[in-house]
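Only one chain comes next, encoded as structure tokens, the form predicted alone.
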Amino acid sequence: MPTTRKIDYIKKMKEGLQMLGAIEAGGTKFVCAIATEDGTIIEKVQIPTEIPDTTIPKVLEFFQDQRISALGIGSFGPLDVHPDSETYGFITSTPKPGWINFPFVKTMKEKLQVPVAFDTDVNAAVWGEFHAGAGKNLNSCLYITVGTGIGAGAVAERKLIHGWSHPEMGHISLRRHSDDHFPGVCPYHRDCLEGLAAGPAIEKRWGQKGDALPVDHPAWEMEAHYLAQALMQYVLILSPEKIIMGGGVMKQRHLFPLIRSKVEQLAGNFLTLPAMDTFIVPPALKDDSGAMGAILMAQQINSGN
């Protein structure tokens, strides 16, 4: 039986009102959503991230005949996000098999015939949290996802941070834990942050996925060691008002106090940081941060901003 929200959606469709589309393309799954023009999510599906020839037709099938007026995409990367580039809208040198040089924006535009906004999945997530979640009413915040990969997006002075490209904060170098001799899993840098602390690194180092490890397992102290170092570097460079930590690994909530404690130790007497329990937090939008950010991106391009 249709839900009330679905009935309202069907009614709006019959009235001819346009909708917004959103894609949060992650390393494990694509989250596709339909929202009303005010940003209310009406329908959402998850599609496994396989190769483009398998995943993209399912994505297109979801959006076909949905009467969307614009589409926002937040994608795993690296990406070409420079509008003047010949390869704007491409997934570029990703370690994800089959997706290197995939023309994401071009494909969606050609098939759906709508304007497309495009950015990283973490930039979409931080944008969603900044406007409607844990970063609301602030001037700056940072979102880091710790899952299949590690990435971070940042808002400063109420704008997303971009330069010649987008930030790649998951690939910074770190001081190794004294007990860690694991070589790392990043195909480009081996023992960068992602190579040492993403979900696949945890599984390969310890022989089990993180959610199967007990809370007192030494994996978590080591994980906090690496993540706290990363956060301290972001704090020293960007000075965000809030740090939001999401992704599959961060669903292990016992990690938060470990990370907060280690960040305080690293800050020492040099920095006076905000209260840790309100400074380093999980996403208020839970699993909808990226989808909400992509919807907001679609709103902006739909309005011409």
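Residue indices: 1-based, along the sequence shown. No experiment lies behind these values; they were computed from the predicted model shown.
As for the form predicted in complex with a small molecule, it is not shown, yet the points below apply to it.
Asks: Of these, 66, 69, 55, 28, which has a heavy atom no more than 4.5 Å from the small molecule in the predicted bound form?
Replies: Looking at 66, 69, 55, 28 one by one, just 28 meets the 4.5 Å heavy-atom criterion.
Asks: Of these, 167, 210, 89, 195, which has a heavy atom no more than 4.5 Å from the small molecule in the predicted bound form?
Replies: Contact check passes for 210.
Asks: For the chain shown here without its partner, which stretch in 269-277, 246-254, 58-66, 32-40 has non-hydrogen atoms within 4.5 angstroms of the small molecule in the predicted bound form?
Replies: Among the listed stretches, the partner-contacting one is 246-254.
Asks: Is there a heavy atom of residue 148 no more than 4.5 Å from a heavy atom of the small molecule in the predicted bound form?
Replies: Within the cut-off, so yes.
Asks: Quick check on residue 200: any heavy atom within 4.5 Å of the small molecule in the predicted bound form?
Replies: Close contact exists here: in the predicted bound form, residue 200 approaches the small molecule to within 4.5 Å, heavy atoms only.
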